Structure formats: C-alpha cells, structure tokens
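Next up is one chain by itself, shown in structure tokens, the form predicted alone.
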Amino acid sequence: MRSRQLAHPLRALLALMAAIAVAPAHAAWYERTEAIMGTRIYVEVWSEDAGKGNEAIDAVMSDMRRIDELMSHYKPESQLSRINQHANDEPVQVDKELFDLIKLSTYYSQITEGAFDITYASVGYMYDYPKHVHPTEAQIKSALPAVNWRNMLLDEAHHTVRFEHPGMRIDLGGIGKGYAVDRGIDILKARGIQHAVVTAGGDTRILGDHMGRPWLVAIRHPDDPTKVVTRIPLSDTAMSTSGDYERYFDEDGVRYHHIIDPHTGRSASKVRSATILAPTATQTDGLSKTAFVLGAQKALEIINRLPDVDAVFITPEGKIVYSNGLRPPSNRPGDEAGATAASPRG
C-alpha cells in the first residue's frame, strides 16, 4: 500500500525531469571579445542553445587565430613573412587562400587608382607608432620606388609570389581583417546561426538583423571618442571605418598615422575618417582607406560607380560627406558627387 502511495510522486518527478530534458534551451545573445590579429575581435550571436552559441563563437575565434598565423607580418613563421623574406630572390609558394587574397588586393589597387596598395609596406614598415618613430625624407625617397603593386609577379598555376623590384614588402592589414570577418560569418552561417555580428578592429559584418530591428551603428567624432557624428541603421551588411585617430602620434604639428599614401610614403590626410558600407567586409576594408589618399570627392566618384557600396567621409574641415545611396533627404537630387552635411557636433 505504501509503495503504491509513493509511485505517484515518483512518476511525477520523472515526468518533470523528462520535460526539462527535452525543453528547448533559453534563446539569448551570446558574446565574446578576444585579442587576435593585433586588434579586438568581437563576436555576438543569437542562439537557442548556449552550448551551440558558444561553440559557434569558439569556431570563429579559432579561425581568426588560424588566419593570423597565416597572414601576420609580425609573425616570422607566417607565410606572408616568408614572402617578405624571400620573394625578392625567388618565387615563394603559398597556400591558395593567401594567394587568392593577394590577387584580390590587386583588384582594389586597380579600381582605386593605386590608392590601395599592399606594397605600401615597403615604406610602412619603417613607422613605429607606439615608439613615435617615422622614416626620414631620405629613407622615404630611397624606399618609395618599391611601392608598386604591379611589380608583384603572381603565378596562379603554382600559387607563387615574386617581387620584381628590390626592397619590396607587402602587408595585408588593409584587407586581411575584413577577409577574416567574412570567414567568421561564413562559419556562423554553416552552423545555422541567422543573427550575428563579427568585428575585427574597425571592420564589422552583420548577419541578419537585431531580431526584427536593424542594428544602430555609430560613427565616432574624429577628435572625441565619447561623441557620435552620425548613426546608421544596418542589417545584413558590412561596414568598415578607418580614422587618423586609430594608430598615430603627433610630432611638431604633424600627425603620423597608419594609413600610408602609396604615392608619397607619408600618412594620408585628405579626410579624417572614412566609413564604407558594402555586402562584405573584404570590400569595405579594401575601400575604406581610399578617401584618405584621393580625397572625399574623388573617392566618391569611385564609390558611386560601385553597386551596393556606400560611404560616409569626414573631411579635415569637419564636413560630413555622403555617397549617393546615403544622401539625406534634404539634399538636392541633382548633386552628383555626394551629399554634404553640417560639421559634426558634440
């Protein structure tokens, strides 16, 4: 009789445990930040299962580290470092992935009229921003002839890279982080993630939206990180922002920053900040330095010819300039080069 009385509570407990076991986990946003590739890597995903969400983030971070090992010019054992060490003497064979990205970089060199050029590193390596070191005029004059993307001999059949000018070096910092972000999004998609953000420094790509609403992305004031110039609602797109306030030092009234003009070997200064919007982060990363070299209006002529690409530039005078696709409604539809808004205010 007593065993029969205990049976009901036991069955109830077992039923409750079974229900908990099959119930879906609590859906939530899961996020993580790590320092990889010399920058801040941030991943945020929406998942119905904490384990799957965190495993997806693990996979993205692991791939970021893999790409860093392959493409970092800071790591002597990387394939990119091997190119810089030996390609002046002989063809250097590399993985197809690295070869394809180097080849892709030449496309951006073509469409930006040489404003983007990974061989800028032939001069760029002489800058050390934390230590406030920059090359002398004589050093720039000596190294500048090596800056020319056309002097890379790329053998697609054998995936080899050969430099055809002494002293050449390359650096994929202007496109590699965007590529890594796109790889991260591909990994998340393959795992069934439908809403996410992957960021590497100034390069971001958004997958889906913020659960029915766009993400509201801010562009900071060039001189004050606590102030916002403008906010842009974004879904399912990529965005890169470059500024002369990221890696820099000031000396005798001159700002030396990491965006080098391939034509002069000096820090480019025709805009203070450049934001590019496009379907992929590889695109936005590869285009975000163009205005620094060419100036806002010339860069907008290029941007406005590209499908699905838009831009926001802040000029040295503090004007905000928009590409055609982002033109505020108050601007005249006849404007061709791009819209101009008022100076950013705090």
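Numbering starts at 1 and follows the sequence shown. What you see is a predicted model; the values in this text were computed from it and never measured.
The form predicted in complex with a small molecule is left out here; the points below concern that form.
The small molecule in the model of the complex: contacting segment from 168-176, 184-192, 137-145, 151-159, heavy atom within 4.5 Å: Within 4.5 Å of the partner lies stretch 168-176.
In the model of the complex, the one of 271, 71, 260, 198 near the small molecule [non-hydrogen atom within 4.5 angstroms]: Result of the distance check: 260.
Sole residue of 83, 118, 180, 276 within 4.5 Å of the small molecule in the model of the complex, by heavy atom: By the 4.5 Å criterion, the partner-contacting residue is 118.
Residue 122, heavy atom within 4.5 angstroms of the small molecule in the model of the complex: No.
Proximity of residue 282 to the small molecule in the model of the complex, heavy atoms at 4.5 Å: The answer is no: residue 282 has no heavy atom within 4.5 Å of the small molecule.
Exercise: residue 202 in contact with the small molecule in the model of the complex, heavy atom 4.5 Å: Residue 202: yes, in contact with the small molecule in the model of the complex.
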